[in-house]
Each structure stands twice: as structure tokens, then as C-alpha cells.
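Next up: the same protein chain in two forms, each one alone, written as C-alpha cells (structure 1, then structure 2).
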Structure 1
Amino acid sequence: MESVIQVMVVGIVGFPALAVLALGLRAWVYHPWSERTTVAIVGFGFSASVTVCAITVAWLLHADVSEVRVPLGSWFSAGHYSFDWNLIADRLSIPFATFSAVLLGLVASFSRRYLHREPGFARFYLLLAIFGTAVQFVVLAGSLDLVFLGWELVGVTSALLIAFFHERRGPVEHGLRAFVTYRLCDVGLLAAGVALHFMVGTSDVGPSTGGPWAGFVVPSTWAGASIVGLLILWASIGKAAQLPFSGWLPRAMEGPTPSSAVFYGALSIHLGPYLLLRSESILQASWLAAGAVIAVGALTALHATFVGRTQSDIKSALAYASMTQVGLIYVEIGLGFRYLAVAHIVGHAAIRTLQILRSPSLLHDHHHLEQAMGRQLPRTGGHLERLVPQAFQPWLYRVALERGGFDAVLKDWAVAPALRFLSRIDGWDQAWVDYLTKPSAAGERRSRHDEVRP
């Protein structure tokens, strides 16, 4: 029976991957499926994934087993290193995998009418299927190496969907900003994997040590645990849009509303907290890393709360509301409230998905609610205003309107110097090429001159 469950666990990732294969091969020959067939293929992939998740949950409960590990062999090996395909289904991964497949299936169904006759209809569903496969890889990964594979696929699909309407300059610029932010933070995940291999010899999810679920093997020293924990935190804040890399999330709303809902309201933004939950054994071994998680979450929640109140469009307001809740989830993880963090993630993902999907109908919903109540809706957040001194409120409003100044700081102190440095390197490279080509050009002119002489 266990071998059957192992096949089921593979199916959680395999069915969305088959949908990617079916759509990708058809697009490769420039003959995409019809809209109805495209939706049916993607819907079947996620529905089948939900089904096998339910069967796996039922078997785990019936057999009273806490986890199932699925070794799928090795991809390649070099010296003492081997990249192994290992999946793990436990009390952390299976709820996330089930919830992810359900939300992806719902968004796929919703998008059928929302994107009807859109020129990029097939492209959207192909990216959605790739994203779903990548999310399941991250959730079920049995090692940090495999997490990195899914992590990168999530980042690529995210950037491509932000730039979905590529005929306009704005979406392309915002997609590029998100892509650069991901790349900058993904260095932390790669470095964490290298550090784990160097310190403990593996990046696999180790055996459970009495906690609710298994985690990565903890380095033997406090310094090692702190280094790995801080690197994983650095990697997580990019996907989760925590300070100081929160500016890309409001700009990500340039993409289609369904992708905004499933990416930045439900799944992608919560992969950072998921990675921290899987790494909680490392956080427990280092008060420095746990304290940094709490500090980042608290500062982000405070920042996003005030900035979100000055936003003039609903999508940006929801983006900052998502940042606030994810920041609070970070605080819960840092304090060791595991189950509270999981419940918070599921509840926040569900409500935020609904809010973003309904955002185009906000005014209609608002007026309908006022008619039902028979009066205007009260303003929210009045308790926050009473906590701030009157003389301090104008300054705070200006700072919130400028989004805390983080965009200007990053532009002036990070982006601009980097661009100047790259431009200087490009100038040096061009000068070197000119230097190498000038003698040959002079020699060629002399040879031509010799040929024409009698």
C-alpha cells in the first residue's frame, strides 16, 4: 500500500506537469488548443492533483503515519555531491499542496470567462500550469536543492505574468523589477544550500525530531545555524515582499486579475513563510535568525499598514494588506507558533484570493452593501489615527504617500550605482575590443595597399 501512496504523491506534481506538457507541445508547433480544451486540460491537472492529495491524507490518517518519503533517483552527481529527486508528504506539505491545487483549479475556472478571447489566453494557462507544478515542487521537495528548482520556476512565471500585457511599457518594466528582485534574493537560497552541504553534508529534509513535521538538518554549531537561517530568511523576503524588497508587489498588480489573486494573494507570497516553516528546526537553534524573522515581519506589517491607507486604487491597497498579514505570519513563525501560522496562511490566502478576484466589482459591491445597511459604510482604521499625535500625522501621511521612501533609497543607493558600474564595465569592454581590433584593421589596410601597388 505504501508504494501506491508513493505513486499518489508523485501524481500531486505529475498531473499539473502533464498539463504543462500537453499545452507546451501544442504551442511548440504553433497550434494551441481551443479555449474550452485548454481549460479542460488545466482543470483536469489540478482536479486530479486535489484528488490524489485527498487520498494521501486519508491514508496517512488511517495508517497513523506522519510522513511518506518518495525517492525518485538521482539527476546527476559530481564527486561527493548528488542531486537527488526526493519528495516528502507530511503534515506541513500535504495541507499546502491540497490548498494550492484547490485555489489553482478555482482560478483556472474563473479565468475562462475573465480572459475569454484574450490574445494571450493559451499563454496564460500554460504559465498557470507551470506555476502550479512549480508550487507543488516547492511544497513537496525533500531537499533544499529541489526547493530551489521549483523556486526559480515560480519566479520566472511570476515575472512573465506581471508582463502579460507586454504591448504596454509599464507591465514589462514592473515584471523586470520583480524578476531582478527575485534574482537578488534567490542568491540566499542557493547560498543556504551550499552552506548546508558544506556544514552537514546534505540539504535533505532530515528525520523528524519530535516536532510536528520534519525540517532541514541543523548545523552542529550556533554560528552555522545562524548563517543558514539568515540566508533562508533573505531568500524568503523576496517572494513574500517583505522589507526592504516590498516595492515590487504593488507593481505586480499590472498582470491579469486572476494571476494577481493566485500569485500575490494566495500562493506565491506565502512560499516565503512556507520555507521558514520547513526551516523552523534551524530557526529554533539560532535566536539571531528567529529574532531577525520577527523584526522583518513586524517592521513590514507596520510599514504596510500605514502605506496601504494612502493608496488610491483597490489592487494596491490589497497588495499592502497582503504584506501586512504576511508580516504578522513572519512574527508568528519567529515566535514558534507553528499551527497558528499555518491557519493564518490558509485563511489569509482564501480571503485575499476572493478580494482580488472581486476587485473589479468593488464599487458595485460597496454600493450594494451600503444599500443593504441603509447608511454609508464607516471609515476603517480610525483607531490607528487616534494612536498617532495630531502634530505627527501630516508627516506620517507624507511618508506613507511616498511608500516610506524605500523606492527612492533603492533607486539612488542600489540601482543607480549598479547601473553606473555596469555601464563603466561595458565601456571598458568596448575599449578593449577597439584596442584588439585596431591593429588588425591597420594591417588589413596595409595589405590592401600592397595589393594595388604595381
Structure 2
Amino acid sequence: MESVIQVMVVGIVGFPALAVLALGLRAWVYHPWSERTTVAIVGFGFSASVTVCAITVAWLLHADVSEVRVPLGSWFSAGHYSFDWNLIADRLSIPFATFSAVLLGLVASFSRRYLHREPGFARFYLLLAIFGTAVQFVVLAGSLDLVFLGWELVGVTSALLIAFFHERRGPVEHGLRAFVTYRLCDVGLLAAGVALHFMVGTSDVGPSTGGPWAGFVVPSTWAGASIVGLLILWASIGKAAQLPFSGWLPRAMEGPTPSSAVFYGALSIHLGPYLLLRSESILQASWLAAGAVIAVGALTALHATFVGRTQSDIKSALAYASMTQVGLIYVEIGLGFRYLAVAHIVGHAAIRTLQILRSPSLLHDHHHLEQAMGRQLPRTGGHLERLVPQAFQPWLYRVALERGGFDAVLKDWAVAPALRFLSRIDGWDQAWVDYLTKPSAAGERRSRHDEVRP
């Protein structure tokens, strides 16, 4: 029976991947499927994924087995290094995989009407299917190498969906900003994988050591565990929009509402915490890495809760609310409350997806509620006004309105000077070429100058 379950686990990734193939090939030959067929293909991919997830869960519970490993062989190998396809279905990955497939299926169904006759209808579904496949890769990955593979694809699809309305400049700029953040943080993930290979010879998920789920093999020294732990934290904060790389998230809401919901309310934003949960063995071995996780989470939660209260549009407010909750989940993971973190992720993802999907009809919902209550909705958030001293409130409001100044600092003190410096070097290079190509130009200028001189 275990071999059947292994095939099922492959199906969790395989069905969305088949949908990608069906949509992608057809779109390339300029004959995209009709809207109905497109939705049916993607819907089938995710529904089948949910079904095999459910069968796997049932079997795991019935057979009282904590994990199923699926070794699919080596993708490529050279010398002592081998990139293996290893999937793992356990108490951490299977709930996530099931939950992801359910949400993706729901969003696919919701988008059928929401994006009806939208010019990019087929593109949206293709990107959604690629995203779904990539998320399942990350969740079921049995090694950090395989995590990286899915992680990269999530980043690309995320940026492309933020820039979905590609004829406007804003979404494109915001998509690029999100992508830059992702790429810089992906450096941490690849470096962590390389460091694990260097220190322990493998980046595979190791054998279970008594915890609720297995984690990556821990380097033997504290310093090694700290380096790998910090690199993984670095990788996670990009996708999870934690400080100091949080500025892209409110901007990412420029994409279509369904993709905002499934990416930044539910799945993409929680891949950071998921990676930390999978790496918990490493965090436990290094108080420095665990402490850094707590610090990043706590600071982000504080920052986001204040900034979120000054936002004047619902999607930005929801983005900061997501950031706050993910910050709290980081704190829980750093403190070792694994089950609480898992429950928090699932609960938060579900409610936030619903909120973002409902956000376009917010005014209608408010009217409906007010009519039902017979009066205006009561103001919320007053407890913070009581906690913060009155003299301090205007300053805090201003800081929150400027999003803590993080964007300005990043732009004015890091990005702009770096680009200026690079442009200057490039300018010198071009001047050298000009000097080589037009040695007479300087001479000509000089002779002209001589001519006009009295």
C-alpha cells in the first residue's frame, strides 16, 4: 500500500503540473483554450491534488504512520554531489499541501466570474497553475535543493501576477520591486543549501529525531547551525514580507484580487514560516538563529500594526494586517510553539483569503451590516489610543503614515547611491571607449576653441 501512497504523493505535485503543460503548450501555439475549458483544466488539477492529499491523510491516520518518503531518483549527479528528487509527506507537509490545493481550487473557481472576459484570463490561470505546482514542490520537498526549485518559481509567478495589469506603469514597477526583494532573499536559500552540503554533505530532510516532524540535518557545530539558520531566516523574510524587506507587500496588492488573496493572504506569504518550521531542528540548535527569528517577527508585528492603522485603502490595510500576523507566527516559531504556529498559519490564511476576496465589495458589506444593525459600525482599535501617551500619538501617526521610513531609507541610502555608483563606473567605461574611438574629437574641440579665441 505504501507504494500506492507514494504514487499519490507524486500526484499532489503532478496534477497541477499537468495543468501547466496543457495550458502552456496550447497558449504557445496561439490557440488558448476557451474560458470554460481553462477553468476545467486548472480546477481538475487542483481537485485531483486535493483528492490524493485526502487519501494520503486517511492512509497516514489509518496506518498510524508519521511520514512517507518518496525517493524518485537522481535528477543529475556528478562526483559526490547528487540532486535527488525526494518528496516527503508527513505531519507538516500534508496539512499544508491539502490546505494549499483547497485554497487554490477555490480561488480558481472564484476567478472564473471575477476575471470573465479579462484579456489576460488564460495568462492568469497559467500562472496560477505554475504557482500551485511550485507551492507543492516547496511543501513536499525532501531537501533544501528541491525547496529552492519551487521557491524560485513562486517568486517569478508572484512578480508576473503583480504586474498582471501590464498596461499600467504602477503594477509593473511594483512587480519588479517584489521580484528584486525575492531574488536578494533567494541568495540566502541557495547559500543555505550550499552551506548544508558543505557542512553535513547533504541538504536532505534527515531522519526524525523524536520531534513531530523531521527537519534538515543539523551541522555539528553551533557556529555552523547559526550560519545556516540565519541564511534560512534571510531567505524566509523576503517571501514573508518581514522587516526590513516588507515594503513590497502593500504594493503587491496591485495584482488581481484573487491572486492577491492566494499569494499574500494565504500561501506565498506563509512559505517563509513553513520553511522555518521545516528547519526547526536547526533553529533549536542555535539560540542566535532562534532569537533572530523572534526579533524579526516581533519588530515586524509592531511596525505593521501601527502602519496598518494609518492606511486609507482596504488592500493596504489587509497587507499590513497579514504582515502583523506573520510576524507573530515568526515569534511563535522562534519560541518553539510549533503546533500553535501551524494552527495560526492555517487560521490566518483562511480568514485573510476571505477578507481579501471580499475587499472589492467592502462598502457594500458595510452598508449591509449597518442596515442590519440599524446604526453606524462602532470604531475599533481604540485600545491603542489608550495605551500610547497622547503627546506621543501625533509623532507615531506621522511615522506610521510614512511606513516607518523604511522605504525612504532603503531608496535614498541604499538603492539610489548604489545605482549612482554603478552608473558612474559605467560612465568611465564609456568615456574610455569614446576616447579610443574619437581621439580626434578632443583635438577637434581644442582646435574649434582656438579658432574662436581672439
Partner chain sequence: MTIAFATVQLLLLLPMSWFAGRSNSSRTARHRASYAMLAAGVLAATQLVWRAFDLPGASWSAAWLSMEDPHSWVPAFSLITCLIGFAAIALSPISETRPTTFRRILLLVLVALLFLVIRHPIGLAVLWGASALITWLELRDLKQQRGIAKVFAIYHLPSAVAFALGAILLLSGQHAAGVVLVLVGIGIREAVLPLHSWFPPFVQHAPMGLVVAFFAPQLGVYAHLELLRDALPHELAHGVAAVGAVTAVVAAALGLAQTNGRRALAFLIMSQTGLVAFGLDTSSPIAQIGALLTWQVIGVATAGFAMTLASLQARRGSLSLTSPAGSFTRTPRMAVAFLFMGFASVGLPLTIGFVAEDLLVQGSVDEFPVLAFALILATALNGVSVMRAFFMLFSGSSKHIGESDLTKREAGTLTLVMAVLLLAGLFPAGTVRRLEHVTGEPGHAVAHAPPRAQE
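Quick note, the numbers are simply positions in structure 1, starting from 1. Here the rigid core means the biggest group of C-alpha atoms that line up within 1.5 Å when the two forms are laid on top of each other. Remember, predicted model here, so these are calculated numbers, not experimental data.
Between the two renderings of this chain, the form predicted on its own is found in structure 1; structure 2 comes from elsewhere. Relative to the superposed core, residue 424 shifts its CA atom by 2 Å or more between the two structures. Here residue 433 counts as shifted, since its C-alpha moves by at least 2 Å between the two structures after the core is aligned.
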